[in-house]
Ligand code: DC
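Just one chain follows, in the form predicted on its own, and it is written as structure tokens.
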Amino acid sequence: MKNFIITIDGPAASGKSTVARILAKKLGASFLDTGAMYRAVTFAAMESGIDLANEEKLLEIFERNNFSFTVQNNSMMVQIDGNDATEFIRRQDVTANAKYIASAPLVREKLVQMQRQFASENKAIVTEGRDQGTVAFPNADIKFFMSAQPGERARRRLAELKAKGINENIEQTQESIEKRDKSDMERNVGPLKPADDAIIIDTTELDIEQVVDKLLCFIREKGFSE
């Protein structure tokens, strides 16, 4: 198998995480779940009781804690100081507070270093996020940028929330998504945008299987196949 890095960037609820996980499995590659990294640092910061808006204190989290990320059964396993935190980082309060980590420039630099370290330890990876093709891996072999209309993304996210027993209406969900989009696009470091050489995929009218097939066509054209 060839060594490669495939990046998939895009806004919230565009389907990139699900697609990246499926692609990694089909290609025999490791799935780099950048969201898990952000949540891991967020969880460690919350557990320490620091002010999440204080970037200097957030940077100390990297000195006080040892983070380990491995892939098992196509899922990222997270350890903090030797303790399994894989389930804890998925809590709703952790997800809500990850915005502080994402908006701290120096902290993002640390996370990019962690992402590149992960890539150096795995021969082939599929990674997803918001700045993977523009900042973390500007020399990636293939770059995708996935998006969909806000209304469709809100519908998808609402279905996810309901499956978890979280009650919300479509208006609240779409407002939350559009607010996140604005924050991601306007931040100074690693803003959400397609790389100049990214392949743009609009998933509004496509289901997951169709998106995966479409990306696989481009991947095969580049000389990589499952």
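Heads up, when I say rigid core I mean the largest set of C-alphas that superpose within 1.5 Å between the two forms. Please read these numbers as outputs of a predicted model, since none were measured by experiment. In case it trips you up, residue 1 is the first one in the sequence shown, and so on.
One more form of this protein should be noted, the form predicted together with this ligand, which is absent from this view; the next part is about it.
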Heavy atom contact within 4.5 Å of this ligand in the model of the complex, the stretch among 29-37, 196-204, 58-66, 159-167: 29-37
Among the candidate residues 124, 102, 114, 148, which is the single one with a non-hydrogen atom no more than 4.5 Å from this ligand in the model of the complex? 102
With the partner left out here, check for me: in the model of the complex, does some heavy atom of residue 110 sit within 4.5 Å of this ligand? no
4.5 Å heavy atom contact, residue 153 to this ligand in the model of the complex: no
I'd like to know if residue 71 sits close to this ligand in the model of the complex, meaning any non-hydrogen atom pair within 4.5 angstroms. no
Residue 90: heavy atom within 4.5 Å of this ligand in the model of the complex? yes
Those residues of 184-203 which, in the model of the complex, come within 4.5 Å of this ligand by heavy atom: 184, 187
Cα displacement of residue 157 between the shown form and the other one reaching 2 Å, rigid core superposed: yes
